[in-house]
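A single chain, nothing else alongside it, follows as structure tokens in the form predicted on its own.
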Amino acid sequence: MDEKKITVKSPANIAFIKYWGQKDEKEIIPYNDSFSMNLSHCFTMVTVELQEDAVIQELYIKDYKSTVFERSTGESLKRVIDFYSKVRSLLDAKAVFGFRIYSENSFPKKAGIASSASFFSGLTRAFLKGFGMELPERQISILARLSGSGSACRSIPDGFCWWKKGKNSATSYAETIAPPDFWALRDIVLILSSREKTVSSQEGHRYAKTSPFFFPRLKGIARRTESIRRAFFRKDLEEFGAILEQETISLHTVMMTQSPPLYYWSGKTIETIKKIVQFRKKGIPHYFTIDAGENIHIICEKKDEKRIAEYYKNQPEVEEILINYPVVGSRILS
């Protein structure tokens, strides 16, 4: 075949209701539904150069703010190769191809900002294109979930996405529940540290059930999912934000009490949470949510974005801020 180059832009997403722990580790089926927003300025550009020589399987990564792509080996490359084989098998594709993959992030990777979700959702689109296959969005979401990064399924649809836990692989997928322009929310990412976390989310999921708070958390999620959905469609930021923070604390309580424990929060995280609570008392509604990392996402409305961003930009704990609005899901650019 002629050499082909496929480029995909795929957003990271911030989960309002989190997913932690897998009911089926092989199929990456979660214990609970989750709810997220695709992020405009936290995205991954994935370029796949298809090669006639199927032996060529290479991965190159340009780190945040780096100027060069560096060849990646070890676990990262293994996950990509395994996913290629899985996609080919699930599609029952007769074709084979080699690949050189170039991945570039607009934000720090492995820092609790869903870099695996943006990368593997983009790679899903690229591999499908490479095999010459077109699938309905639901099937693409399922395929992205099977990459091993479950949250990747939420970066496929547009805007605000709901991942249905499902009962099996065919019924566990993400879909849009509201388009990007439904609510002018902002996600202001406070980068407290750009260093990579030492324990990946994929590893952490395996031990979630060892926490004595894991199953009580699931009971709480059942209530929170209904409440946050109502608050979202009413655009009630106060109720929405209160649930965000409850959900975040619940998630990290499980992480800190599982075995071995995961202490993603740093001293900077705690200090910044305190400042959010204090600054909010001045009548500026904004709320925190934190994924598997120490960096903080602030959720607010567009009208308050500038004042909030200016305040946190000047805090000593904050290295940098990234401001996001809701956007479409992964898209093939070329």
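Being a predicted model, the structure only gives us computed values, none of them experimental. When you see a residue number, it is the position in the sequence shown, counting from 1.
This next part talks about the form predicted together with another copy of the chain, which is not shown.
Visitor: Note which of Ile273, Ile29, Ala309, Met45 lies within 4.5 Å of another copy of the chain in the predicted bound form, where distance is taken over heavy atoms; exactly one does.
Guide: Contact with another copy of the chain in the predicted bound form is made by Ile273 alone.
Visitor: Heavy atom within 4.5 Å of another copy of the chain in the predicted bound form: which of Phe213, Trp162, Tyr207, Trp183?
Guide: Selected option: Phe213.
Visitor: What stretch, of 231-239, 216-224, 140-148, 99-107, brings heavy atoms to within 4.5 Å of another copy of the chain in the predicted bound form?
Guide: Going through the listed ranges, the match is 216-224.
Visitor: Does the trio Ile249, Met256 and Trp265 actually contact another copy of the chain in the predicted bound form, every residue with a heavy atom within 4.5 Å?
Guide: Checking in the predicted bound form: Ile249, Met256 and Trp265 are all within 4.5 Å of another copy of the chain.
Visitor: Indicate whether Tyr287 is a 4.5 Å heavy atom neighbour of another copy of the chain in the predicted bound form.
Guide: No, Tyr287 stays farther than 4.5 Å from another copy of the chain in the predicted bound form.
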